[in-house]
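As C-alpha cells, one chain now follows by itself in the form predicted alone.
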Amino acid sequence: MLVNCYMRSSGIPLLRPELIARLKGIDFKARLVVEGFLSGLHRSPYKGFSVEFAEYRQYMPGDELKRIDWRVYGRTGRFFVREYEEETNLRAYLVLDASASMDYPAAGYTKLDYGRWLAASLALLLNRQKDSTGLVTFSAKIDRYIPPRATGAHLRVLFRELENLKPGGETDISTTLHELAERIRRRGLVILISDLWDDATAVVAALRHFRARKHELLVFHLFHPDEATLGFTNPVLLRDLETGQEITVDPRQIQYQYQNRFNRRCEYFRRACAEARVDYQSLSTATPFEEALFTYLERRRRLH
C-alpha cells in the first residue's frame, strides 16, 4: 500500500511532501524517504580513523556509556565523555531555523515541517554513511545544540528532538550563525535549513564566517509558493508571524513588483554564496525531497 505513496524520478522512489505529511513519526518518514537512496554512493572526503584524544565534553543522551570517563566523574561528580579527532569520516551539523516565520502556512505542512523532514532524512543518510551528525536549532538565538555523534542511539535523539520541535520567536540568523561559527572548532560540513528571512547582507557575512574557519557549507533556502508569487486573487490581510504586524493588500496591484523583489533576493543569495564558495539551493516546500537530497549527494561528490 505504501508503494502508492511514492513518486519516481530517475528510477528513485521518493515520497511527495503532501503525502509524507500524513504519516506519523519522523523516524518512519525519514526511513521511507532514504531507503535505498544511498546504496553504494558513499565517498568520504576524510580517510581513515584517528584515535588522538581531543577534549572532554559533557555527557549527552545518546552517548555510549563506555565512553564516560569515570575518573573525571570521581573527581567532579559529573559525567564527561572523551572526544577524539576525526573519529568518523565526517562531522556534520544540521542547523535548522525554528523561528515563527517557519510556521507558515497554518494548514497542511509548514516550512518547519518540511525542514524537519529534510533534516531527519539527511541525518539518516549521514548516519548510514557512518558520519557523525549533530543538530542545532535556533530562532533569535541558539535554542538547542546537540554535538555530532554517529551511533544509532544518537540518531534517535536527533529524531526525537526534531519531532518535538516547536516554532517561535523572531529571527536573528546572522548573530546566531556567527556564534555557531565560533563554537564549532573542528572543520566539518554545516547544513543550514532556513527561510533566510533576515537582512540578506548580514546573513551572507555570517556564512562567510564559516568559510573563513574552513567549514564546508550547504544552504537550503526554504520558501512556500505563496512567498514566491503572492498568488492570491483577492485582497488579503498579511500578518508578520514574528512581530505580529498586519497589513491589508490587494495582491493584483503589487504582485509584479513583489515577485521581482523576491527573485532578486534569491539571486543575491545565489550569487553571494557562489562567490563565497557556499553551496546554495533555493527550495520550494512543494518540491519533492529528491532535489534536496541530490544536492547533498553532489556536495559530497565534489568533496571527494
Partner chain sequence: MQFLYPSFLLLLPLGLIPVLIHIFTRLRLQRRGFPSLVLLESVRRERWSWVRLREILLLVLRTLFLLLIPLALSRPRLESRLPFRLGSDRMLLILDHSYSMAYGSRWQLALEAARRIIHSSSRPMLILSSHPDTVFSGRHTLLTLLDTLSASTISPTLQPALTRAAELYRQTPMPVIIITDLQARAVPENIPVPGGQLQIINLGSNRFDNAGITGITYDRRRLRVRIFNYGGTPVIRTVRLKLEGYQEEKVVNISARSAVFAEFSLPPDLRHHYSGIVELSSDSLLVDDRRFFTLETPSRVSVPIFVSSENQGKYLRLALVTDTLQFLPLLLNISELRRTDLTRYQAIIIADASALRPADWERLDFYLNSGGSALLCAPSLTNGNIPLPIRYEGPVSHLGFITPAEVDTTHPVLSGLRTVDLNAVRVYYHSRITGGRTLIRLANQDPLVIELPGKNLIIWTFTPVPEASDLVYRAAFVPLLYQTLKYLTGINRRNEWQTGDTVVLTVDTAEPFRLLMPAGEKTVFSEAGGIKPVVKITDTRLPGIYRLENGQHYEFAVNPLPEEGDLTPAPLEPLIRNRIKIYPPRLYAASELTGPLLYFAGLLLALELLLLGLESYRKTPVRR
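Residue numbers count along the first chain shown, from 1. Nothing here was measured: the structure is a model prediction, and the numbers come from that model.
Although not depicted, the form predicted in complex with its partner chain is the subject of the following passage.
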Worksheet item: Can all three of Glu227, Leu237 and Gln253 be found with a heavy atom no more than 4.5 Å from its partner chain in the predicted bound form?
Response: yes
Students should find that, of Ser121, Ser132, Ser101, Thr176, the residue having a non-hydrogen atom no more than 4.5 angstroms from its partner chain in the predicted bound form is Ser101
Checking Tyr145, Tyr109, Phe79, Phe232 against its partner chain in the predicted bound form, the residue with a non-hydrogen atom inside 4.5 angstroms turns out to be Phe232
Answer among 186 to 194, 112 to 120, 159 to 167, 219 to 227 for heavy atoms within 4.5 Å of its partner chain in the predicted bound form: the stretch 219 to 227
| With a 4.5 Å heavy atom cut-off, would you call Glu64 a contact of its partner chain in the predicted bound form? | no
Would you please decide whether Arg271 lies within 4.5 angstroms of its partner chain in the predicted bound form, comparing each non-hydrogen atom pair?
no
inquiry  = My question is simply whether Tyr258 lines the interface with its partner chain in the predicted bound form - judged by any non-hydrogen atom within 4.5 Å.
reply    = yes
Exercise. Closest heavy atom of Gln58 to its partner chain in the predicted bound form, within 4.5 Å or not?
Worked result: no
